[in-house]
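As a starting point, one isolated chain is supplied in structure tokens, in the form predicted alone.
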Amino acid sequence: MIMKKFLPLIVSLLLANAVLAAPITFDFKDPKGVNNAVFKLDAILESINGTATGISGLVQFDPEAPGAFTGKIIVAANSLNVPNSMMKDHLLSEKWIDAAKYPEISFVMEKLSNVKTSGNDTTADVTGTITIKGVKKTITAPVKISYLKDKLKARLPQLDGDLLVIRANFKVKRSDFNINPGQFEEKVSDEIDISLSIAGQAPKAK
């Protein structure tokens, strides 16, 4: 009799917890246009530094279970930029990135390991699939995820909601992605250092 009396309450609490535990979807297409990836090729004769700003994608993050982290980040290949205009033309050309044929560079985040959370910040190793010039490779890289509840308004005053900031640093080899492999390595190293610092927003429904 007692169980029957309290059963509806127990079910309601379980359903409420299930709702609270649902992951939040963050949109990384930045209205401010400040999200960016920085890349560096440090060769013997020259050091090349560039940025990419055409970033978009959706990421699912559960504040109650930070390890349940998945999503996809996309970089528009034609947004890659270096200071020298001739060098930029080469970078986007068929032998290098081939932005016309392969307009997107993407990273699909599949799982986290070594997850540690302190306050708003979670550090971990993220494993996923990176696709450059149509070639897919699995990589694992350190990542820092900062969940900023109710902070969207501080970045976009017209919106209420949450922010998710992702910072990651990793290396890839251009030879792994058929980016002019074995060529000009005195001026353009095979190894590319990539630094990602991006913020996604989850506006609250009105």
Partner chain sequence: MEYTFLLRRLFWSDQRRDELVKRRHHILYSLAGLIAVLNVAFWFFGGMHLGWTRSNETRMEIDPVTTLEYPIIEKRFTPGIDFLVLGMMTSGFFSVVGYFLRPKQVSK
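Positions refer to the first chain, counted from 1. Only a predicted model underlies this, so the values are computations on that prediction, with no experimental measurement involved.
Missing here is the form predicted in complex with its partner chain; even so, the following discussion is about that form.
K.L.:
Given that its partner chain is left out here, which of 115, 76, 92, 82 has a heavy atom within 4.5 Å of it in the model of the complex?
P.N.:
After the contact test, the surviving option is 82.
K.L.:
Given that the partner is absent here, state which listed stretch (30 to 38, 66 to 74, 169 to 177, 134 to 142) has heavy atoms within 4.5 Å of its partner chain in the model of the complex.
P.N.:
Of the stretches listed, the one contacting the partner is 30 to 38.
K.L.:
Among 44, 127 and 192, does every residue place a heavy atom within 4.5 Å of its partner chain in the model of the complex?
P.N.:
Checked in the model of the complex: no contact with its partner chain for any of the three.
K.L.:
Spell out, yes or no, whether the shortest heavy atom distance between residue 165 and its partner chain in the model of the complex is within 4.5 Å.
P.N.:
It does: once its partner chain is placed as it appears in the model of the complex, residue 165 has a heavy atom within 4.5 Å of it.
K.L.:
How about residue 99: is it within 4.5 Å of its partner chain in the model of the complex, going by heavy atoms?
P.N.:
No, residue 99 stays farther than 4.5 Å from its partner chain in the model of the complex.
K.L.:
Would residue 108 show up as a contact with its partner chain in the model of the complex if we use heavy atoms at 4.5 Å?
P.N.:
Close contact is absent here: in the model of the complex, residue 108 is far from its partner chain, nothing within 4.5 Å, heavy atoms only.
K.L.:
Is there a non-hydrogen atom of residue 188 within 4.5 angstroms of a non-hydrogen atom of its partner chain in the model of the complex?
P.N.:
Residue 188: no, not in contact with its partner chain in the model of the complex.
K.L.:
From first to last in sequence, which residues of 131 to 154 have any non-hydrogen atom within 4.5 angstroms of its partner chain in the model of the complex?
P.N.:
The stretch touches the partner through 148, 151, 154.
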